[in-house]
Structure formats: C-alpha cells, structure tokens
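Below sits a lone chain in structure tokens, taken as the form predicted on its own.
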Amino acid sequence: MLGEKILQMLQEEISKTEYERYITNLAYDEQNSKADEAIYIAPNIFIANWVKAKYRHKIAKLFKLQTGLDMSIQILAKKGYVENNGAKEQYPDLPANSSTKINPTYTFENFIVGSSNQFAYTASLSVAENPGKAYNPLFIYGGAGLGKTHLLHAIGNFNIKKNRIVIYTTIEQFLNDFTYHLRNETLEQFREKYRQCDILLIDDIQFLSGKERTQEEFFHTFNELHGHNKQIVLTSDQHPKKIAGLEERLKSRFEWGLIADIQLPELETKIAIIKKKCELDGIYLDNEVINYIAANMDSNIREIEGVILKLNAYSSLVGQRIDLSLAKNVLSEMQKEQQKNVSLKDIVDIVSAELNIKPSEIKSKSRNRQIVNARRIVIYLARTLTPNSMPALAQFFGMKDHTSVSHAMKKVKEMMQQNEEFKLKINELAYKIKNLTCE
C-alpha cells in the first residue's frame, strides 16, 4: 500500500527516535483517502498535531516523488471530527490537565548556549523553575530559526514533569480556536480551556497584529492568568514595540515582565549546534564538513538541521559517504533553489515595510538619505538572494548601468563591516525574505 510505503520512506529523513515515537503510530486510511488526498489517522490529538506540524510537508514531497501529484495530506485523530462547511475537520480541544504539541526532544539540556542566546536561555530557565514569580510575562524575540520555539518547549517540558498544567500553542491556533468557538457560541468553553492552565506558551505573537476581536479576547485571557500568578511566555520575530497593528495596551502588558532577545549565533555556537544535532540523530560528520556547513549556512538553525538531514538521506540513498564534496553539492543546490523562489517584489515590499518607506519610493529617483539607504539595502539583498545580474537590477531600478548597482553593493558591504547593528539588520531582513518564500 503506497500510503504505508511513504511512512517507511520517511525513516530515511528523520531520526529513529522521532520515527518510532510518532510515525509508527499512524495508520493510513485507505478507505477515505482519494487520488489527490492521503488521510492518516493518529491515536490522539497530541500525535496528530505534532506530525501535522512537523512532517506533513515531508510526506507530501514523498508522495510527489512517487506519483508526481501534489497531494493534500490530512493527519487526523481517531475521534474529534466536526463538520465545517460540509467538510470534516479535526478540532483539537485540550483536556483540562494536559499539554498540547510539546516536543519532548526540546529541553534545556540539549539547547546549545552561546553569547548570542545566553540571556534568553537564562531567563527561560529561571521562569521554568519559578513560574509566575520570576518574570511574568517573559517575551522572547529574534529572527526565524534561532531557538525561540525550542526554549518555549523546554519551559513546557520542565513543568510537565512537575505535574503543572501547560498549554503550548501558536497564535494561529489560538485564532482558529477563538473563531471556532465564536461561530459555535461556545466562548465559555474556549475561555476555560486557556484560562485554567498554570503556564501558557504562545509562539509567533506578532501574527495577532490587526486581529481586533481576537486581541480583545487575548487581552482578557492575559489579565486573568497574570492576575492569578500564572506564567505567560510569548515569542515574536520582533520587539513588542515594533509590532504594527497591535493595541498599545497589549504592548504595554508584554513589557510588564522581561523582554529577552536571541541574536544571530556566532560561528562557534553554530558548530556546537551542528555537533549536537548529529549526536542526537546518530549522524556522523567529520570536522571539515561541520566547519564548512557552519561557515557557509545562514544562522537559521532549522535550515542547518535541514541540511544535515538532507545530507544523511542522500548518503543513505546513494551509498556515498558524507564528505566535503557532497556537502558542497547539497548546499549549492539548496542555495540555487532558494534564489529561484525569491522575487524582487518580495524584497522591495519587506524592506519598505520594515523601514517605513513606500515601495514606490524605493524605485524612485529620490535622493532623500533614508530612501537612498533603503534602495541600497534592496539592491544588496536582491543581488545576494536572487539570480538577477547587476545589469538586470539596474534595469529594474531604472539606473543608467550596472556601475550604480556595484556602487550600492560596495556601500552596504562597507556599512556592514563598520556597524554591527546594521549588519544584524541586514541579516534579519534576509531571514524574513527567505522565510516568506518558504511558507
């Protein structure tokens, strides 16, 4: 049966521990699956949500590899279906005394600490040991893939062992839950679900932006929990003051406790992270390969982990030892694929939003200092993240020739060398652009 074969193939791409813990619990629902839709049944909500969040895209890719079709992958629990506009959908209500979607492999013990994340790590550990007392709320912010979610789960795992009631959710799931209960006039059930916990962990709070009705509900949930000394931990890709479309009263409350940032890891920390990942997954890489990956990959930890798993899968499939040549080939393919997915419009839109400049101004002839600086940043990112040549970029920006592009590139590189904060900002923008194209 193809559905079961796909799960077996997944063994090559993930760790043995996670395969046995999650994937072996899935059953392929051949009766309800269709030509373009594969349905898997998990024994409970926890496993269904975890597989759906982490492995659904991998399963879809394996199906496409085997069939050539873009399959819809459904991961459902044995029970808990509700009807939504005629279609079956899983609604993940939480038992009153349990956690949801906590990854048991994300602990404080296997979090690699360096100067870039020391403050956030120490604050998280303090909160885990003294929930509701140390810092409440704890607000962790930083670029994508730097370890914010790992720390959230570590806090959750630490307190589950203490028999405390922990809820971990993304703000997207919170929004979905709120919408569901609002539509079904069961808001009291929703409030009981989120307000009866000891610790509330919420990922990606920035996506609450512009959701006025949900912000109102979250405001009261926050007040209820905080008033009873229940711990709240939030993550975001930026400081609360910079989240546009967020009510001032919420921003104010997010600053009541402690705000901790995670910065880009230095080379030594990246090397330590790679070694730890290899140790946990039973993958052997020699120091030459490890150093090459650390030096040539961006600081997004998820992307680095993806490279390691891809190297291991490729090595297993073709029977080739992982050496420096193989690592260079795999990284080269990934970087080319990333460049194909990034558009000039994406770069202009993200930079203009971040620097509070109209997209049309970036492409204008204005010599305003702020606009010139933004234009240079866009050119640098476009040349770095896309396959566009300098003449092509000159044409896009209406410049005389490629020498203007070359000058802009040189200026940004000089500023990055002279100003560490500016360099961090460029890297942060690059992460946002690449993450946008991966969604």
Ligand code: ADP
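Counting begins at 1, following the sequence as shown. From a predicted model like this one, the values you see are computed outputs, not experimental measurements.
What comes next is about the form predicted together with ligand ADP, which does not appear here.
- Partner contacts here mean any heavy atom within 4.5 Å of ligand ADP in the model of the complex, and among 175-183, 157-165, 226-234, 138-146 they occur only in 138-146.
- Residues Ile112, Asn117 and Glu305 are all found to lie within 4.5 Å of ligand ADP in the model of the complex, as judged by heavy atom distances.
- When ligand ADP is considered in the model of the complex, only one residue from Ile301, Ile171, Ala123, Ala294 comes within 4.5 Å through any heavy atom, namely Ile301.
- With the partner removed from view, the residue among Ile273, Val127, Ile202, Leu311 that has a non-hydrogen atom within 4.5 Å of ligand ADP in the model of the complex turns out to be Ile273.
- Within this chain, Lys211 is remote from the site of ligand ADP in the model of the complex, having no heavy atom within 4.5 Å.
- At the 4.5 Å threshold, heavy atoms of Lys193 stay clear of ligand ADP in the model of the complex, well away from it.
- Looking at Phe207, you'd find every heavy atom of it more than 4.5 angstroms from ligand ADP in the model of the complex.
- Ligand ADP in the model of the complex comes within 4.5 Å of a heavy atom belonging to Lys277.
- Contact annotation for 376-408: no residue has a non-hydrogen atom within 4.5 angstroms of ligand ADP in the model of the complex.
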